[in-house]
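Form predicted on its own, single chain, as structure tokens, below.
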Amino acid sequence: MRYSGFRVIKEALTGHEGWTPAWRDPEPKAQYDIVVIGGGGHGLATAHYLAKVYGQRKVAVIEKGWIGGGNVGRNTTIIRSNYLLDGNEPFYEFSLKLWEGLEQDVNYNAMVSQRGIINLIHSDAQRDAFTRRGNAMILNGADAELLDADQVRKEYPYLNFNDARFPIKGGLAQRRGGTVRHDAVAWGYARSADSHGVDIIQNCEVTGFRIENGKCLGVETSKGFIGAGKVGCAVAGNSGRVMGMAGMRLPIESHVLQAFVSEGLKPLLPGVITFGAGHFYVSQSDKGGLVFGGDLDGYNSYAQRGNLPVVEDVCEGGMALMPMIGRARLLRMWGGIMDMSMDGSPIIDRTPVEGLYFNGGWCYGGFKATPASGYCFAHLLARDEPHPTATAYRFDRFRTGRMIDEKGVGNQPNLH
């Protein structure tokens, strides 16, 4: 079934009896050409592009829970491509271009809203750094605009411009950035992958890998053994646990990142704002809630919840940026498990085990990278070579010294 406005009208006139399930609920087959572990955004996007772009038909996605129950439904929905380094910026710009055509590609309303993002500037040194970043963005085909304080004030007059500690001196804007409905991304990719013949198998937990003579033959699961010519792992914060079953120790740590939503308010924020003097980012959802987040909890954990000291720290950042946020009630909060790499950049690469491939280490960049991550992982799985925009995302960069340290903070994952 193809979704359209005409379809909505037809179903409204006929009692909505013609709608079909968005995707099937099949039992696993004994053998597939490619099995993707992880039914989140990255795994589903990989399956979609494997089937639609690379013509792979015997593909399965296996998910231990339900579609949309992991990090893809536990984030602050921001998309952008405002990176500095050559290893990152072309990839994230590729992802932003895929976002721009996503709804037509998967025939699903993902509520892509290019409302713009502004990174605020609070010092002369920060202005210099953001000028450099903006130039790097433009050189890689992205859009960037350096704003002075008056231009920011015109768009966001209620920010605390005269704070003695953190005066707002300007901002770096990317007008093509914005937000996307996170759940709809998972549902759209799942529906499209299913329509191209991909089996999406929920409630199917991986319990081990069958590896013989250095080659991965498939996966042991709670629903039995599933054979595969190739296995791709895209499980975000659970990467260490899953790849540990294959005898691999990854250069990744798992940390909790909290997100928050306030009560519904009248339209207030036209775009996304990030606080440059602390770690705070905020946008407003279509329901009116302020959606915001900040730093990691700072210690390793697999729990999908955080602790109160970080709640306090994030709220303090919001108060420093716009004091009126203190009058809003916090409606709910949750945590996602971040796969934090040693240099703050991801890995899309083959592993030493033949037939086993890995996609992870996304740190804070996981949601915004979803389309490009899936496309590049599908390219790697289908052709056994990295996509041109992901050639830097290799395991061996840590051995060869080719780190992609966007922040310049060294090999401490919780700082990236």
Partner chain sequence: MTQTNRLSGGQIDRNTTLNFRFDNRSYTAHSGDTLASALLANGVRMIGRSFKYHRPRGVLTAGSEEPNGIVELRTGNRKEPNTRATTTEMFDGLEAQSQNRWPSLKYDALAVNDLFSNFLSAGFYYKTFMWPAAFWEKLYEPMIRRAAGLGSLSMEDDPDEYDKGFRHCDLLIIGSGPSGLMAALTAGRAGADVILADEDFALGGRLNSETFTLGDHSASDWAAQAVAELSALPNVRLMPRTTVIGAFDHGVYGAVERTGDHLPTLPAAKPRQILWRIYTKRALLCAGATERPIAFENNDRPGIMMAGALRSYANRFAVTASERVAIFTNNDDGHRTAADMHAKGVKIAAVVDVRDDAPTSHDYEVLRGAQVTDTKGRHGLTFVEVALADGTTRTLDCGALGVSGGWNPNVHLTCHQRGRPAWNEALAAFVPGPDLPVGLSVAGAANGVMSTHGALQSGAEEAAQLLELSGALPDLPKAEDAPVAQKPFWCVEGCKRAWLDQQNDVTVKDVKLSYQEGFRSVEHLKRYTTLGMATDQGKTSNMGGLAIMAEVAGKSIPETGTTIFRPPYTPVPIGTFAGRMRGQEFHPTRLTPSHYWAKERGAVFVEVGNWLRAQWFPLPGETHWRESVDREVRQTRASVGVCDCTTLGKIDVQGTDAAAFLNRIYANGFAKLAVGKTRYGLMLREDGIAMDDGTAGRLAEDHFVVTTTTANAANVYRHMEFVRQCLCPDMDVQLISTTEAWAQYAVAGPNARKLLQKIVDPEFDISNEGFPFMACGNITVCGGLRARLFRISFSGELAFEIAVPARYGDALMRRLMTEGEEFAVVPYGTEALGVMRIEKGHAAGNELNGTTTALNLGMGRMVSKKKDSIGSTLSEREALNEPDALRMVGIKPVDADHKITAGGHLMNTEGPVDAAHDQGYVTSAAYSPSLNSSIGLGFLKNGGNRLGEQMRLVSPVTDLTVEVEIVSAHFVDPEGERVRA
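Residue numbers count along the first chain shown, from 1. Computed from a prediction, not measured in an experiment: that's the story for all the values here.
From this point on, the text means the form predicted together with the partner chain, which you will not see here.
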Exercise. Though only this chain appears here, would Glu145 touch the partner chain in the predicted complex if you measure heavy atom gaps against 4.5 Å?
Worked result: yes
Exercise. How about Gly264: is it within 4.5 Å of the partner chain in the predicted complex, going by heavy atoms?
Worked result: yes
For this session: Flag Glu103 as yes or no: does it have a non-hydrogen atom within 4.5 angstroms of any non-hydrogen atom of the partner chain in the predicted complex?
Result: yes
Exercise. Does the partner chain get within 4.5 angstroms of any non-hydrogen atom of Gly278 in the predicted complex?
Worked result: yes
Exercise. Just one of Ala149, Ala136, Ala246, Leu217 has a heavy atom within 4.5 Å of the partner chain in the predicted complex. Which one?
Worked result: Ala136
For this session: Would you point out which of 50-58, 364-372, 28-36, 63-71 contains residues with a non-hydrogen atom within 4.5 Å of the partner chain in the predicted complex?
Result: 63-71
Seminar exercise, completed: Of the residues spanning 270-296, the ones with some heavy atom within 4.5 Å of the partner chain in the predicted complex are Pro270, Phe275, Ala277, Gly278, Gln284, Ser285, Asp286, Lys287, Gly288, Phe292
Exercise. Relative to the form shown here, do the C-alpha atoms of Pro157 and Ala164 sit closer together or farther apart in the predicted complex, given a change of 3 Å or more?
Worked result: closer
